[in-house]
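What follows is one chain in structure tokens, specifically the form predicted alone.
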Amino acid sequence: MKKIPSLIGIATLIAAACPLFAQSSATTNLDALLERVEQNKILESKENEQRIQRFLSQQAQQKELLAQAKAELAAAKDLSIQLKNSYDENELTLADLETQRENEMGDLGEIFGNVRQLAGQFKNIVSSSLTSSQFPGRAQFFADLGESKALPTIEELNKLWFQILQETVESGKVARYQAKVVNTDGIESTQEVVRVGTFNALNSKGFLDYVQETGQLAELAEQPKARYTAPSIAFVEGDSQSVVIDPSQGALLQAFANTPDLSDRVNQGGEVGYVIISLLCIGIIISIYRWITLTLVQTKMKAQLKDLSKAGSNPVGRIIKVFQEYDRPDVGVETLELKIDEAILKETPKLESGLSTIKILSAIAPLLGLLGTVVGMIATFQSITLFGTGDPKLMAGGISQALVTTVLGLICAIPLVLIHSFLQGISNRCIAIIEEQSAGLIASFSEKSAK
């Protein structure tokens, strides 16, 4: 227990000594920092001194460089003035030379201008000429010469003259040569082609069209009529000396090829046109049947009129049978007259059968034609509404339908009206004969009864 107070005393001494030790260490660090700051200040002063010395040493050099640059600038300005003066002198010299050149050229400039103009015009001729299918590549020469700003050379002038002369000579020739031809399926092949001047190109199938864009010959999608094509094919095969020539270089033949034939015209009428044609066919069939029937009946009636004693199988014969059946003393005139009138009423519808149908068909056909006209005009106005009036081909379909149906309606109505009138006349004559013979029979019966 005596050691405890001694330990407390030692601890008290240590606690009193620690603050003193910390205060001594902080003082040492501040001194070192102060010393380091002073050293850095000394170093910075040295560097600034060195920088000032270096700047002062380079200042003289910069002055020399500035003086040198000013001297070069002055020299450049002098050179610029000299070059500008030289440029102005050259411009004046060039203008004098141009004037001298124009004076020396004289009419040659106008001649070369005409050459370029001629080359440009001939390019268009050669591009569309059939001779280019035999001599390809000429259009480019004329195009280059026409667009050139330089004076043409002697070789170019000679070539221009030769090409013009060649085109003139070939336009009067009939030539056979091998050329590439594109058929209607787009397949290209090399064939023998006959060129008639610059008017037509032919092969074994007919006329050919020269496609300017590709420089090739192409078969027409549809050849002109046989009266134009057949002699030309025979000419190609060497069987004929005559050939059809199109002076418009294919335009007329193309128009003939595109001219619609009868079937195309009928198809332009559309559904209404087909109905009208069907009515015409039905009317003609009925008319033929009724004409045959009435002719046979009329023939039999004429034969019956020559011999009234034997009742045949015809309207007059059947009237005679009725008369013979009731030609008895117990039958009065009124009864016989009624029986004969009944027989006449049975015969009349047979003789007029089918005639009313023909008459109705002849009346319906123009109305259907009018209906087709209205439908076609509606289609035309729809085309105008959608596409305007810029392209007449877009309106041609509706107008064609309107006109074709009108024509078909009249073509159907006019013959049916004539046929109906003709058959109605035969029927009326037959009925008149029946009534005439009936009246004669009744009159003879009345005379007999009166006796």
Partner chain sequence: MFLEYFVNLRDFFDKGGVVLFAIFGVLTLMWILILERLFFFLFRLKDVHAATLRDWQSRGDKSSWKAHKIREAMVVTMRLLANKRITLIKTLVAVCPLLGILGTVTGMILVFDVITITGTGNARGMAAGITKATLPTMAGLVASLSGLLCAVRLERAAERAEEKLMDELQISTD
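Positions refer to the first chain, counted from 1. As the structure is a prediction and not an experimental result, all values here were calculated from the model. If you superpose the two forms and keep the largest set of C-alpha atoms that fall within 1.5 Å, you have the rigid core.
Below, we refer to the form predicted together with its partner chain, which is not included among the displayed structures.
Asks: Which one, 294, 340, 361, 272, lies within 4.5 Å of its partner chain in the predicted complex by heavy atoms?
Replies: So the residue touching its partner chain in the predicted complex, by this definition, is 340.
Asks: Just give me the single entry in 280, 375, 336, 194 that has a non-hydrogen atom within 4.5 angstroms of its partner chain in the predicted complex.
Replies: Of 280, 375, 336, 194, the residue with a heavy atom within 4.5 Å of its partner chain in the predicted complex is 336.
Asks: Indicate whether residue 393 is a 4.5 Å heavy atom neighbour of its partner chain in the predicted complex.
Replies: So residue 393 counts as contacting its partner chain.
Asks: I'd like to know if residue 406 sits close to its partner chain in the predicted complex, meaning any non-hydrogen atom pair within 4.5 angstroms.
Replies: So residue 406 counts as contacting its partner chain.
Asks: Residue 265 versus its partner chain, in the predicted complex: is there a non-hydrogen atom within 4.5 Å?
Replies: Residue 265 belongs to the contact set for its partner chain.
Asks: Just checking whether residue 58 would be counted as a contact of its partner chain in the predicted complex - the rule being heavy atoms within 4.5 angstroms.
Replies: No, no contact at 4.5 Å.
Asks: Quick one: find which of 71-79, 118-126, 225-233, 323-331 has residues within 4.5 Å of its partner chain in the predicted complex by heavy atom distance.
Replies: Only one stretch passes the 4.5 Å heavy-atom test: 323-331.
Asks: Only counting heavy atoms and a 4.5 Å limit, does any residue of 419-447 reach its partner chain in the predicted complex, and if so which ones?
Replies: The stretch touches the partner through 421, 429, 432, 433, 436, 437, 439, 440, 441, 443, 444, 446, 447.
Asks: For residue 437, is the CA shift between this form and the one not shown at least 2 Å following rigid-core superposition?
Replies: Moves: yes, 2 Å or greater.
Asks: Taking the shown form as the reference, report whether the CA atoms of residue 301 and residue 438 lie closer or farther apart in the predicted complex; the distance changes by 3 angstroms or more.
Replies: So the answer is closer.
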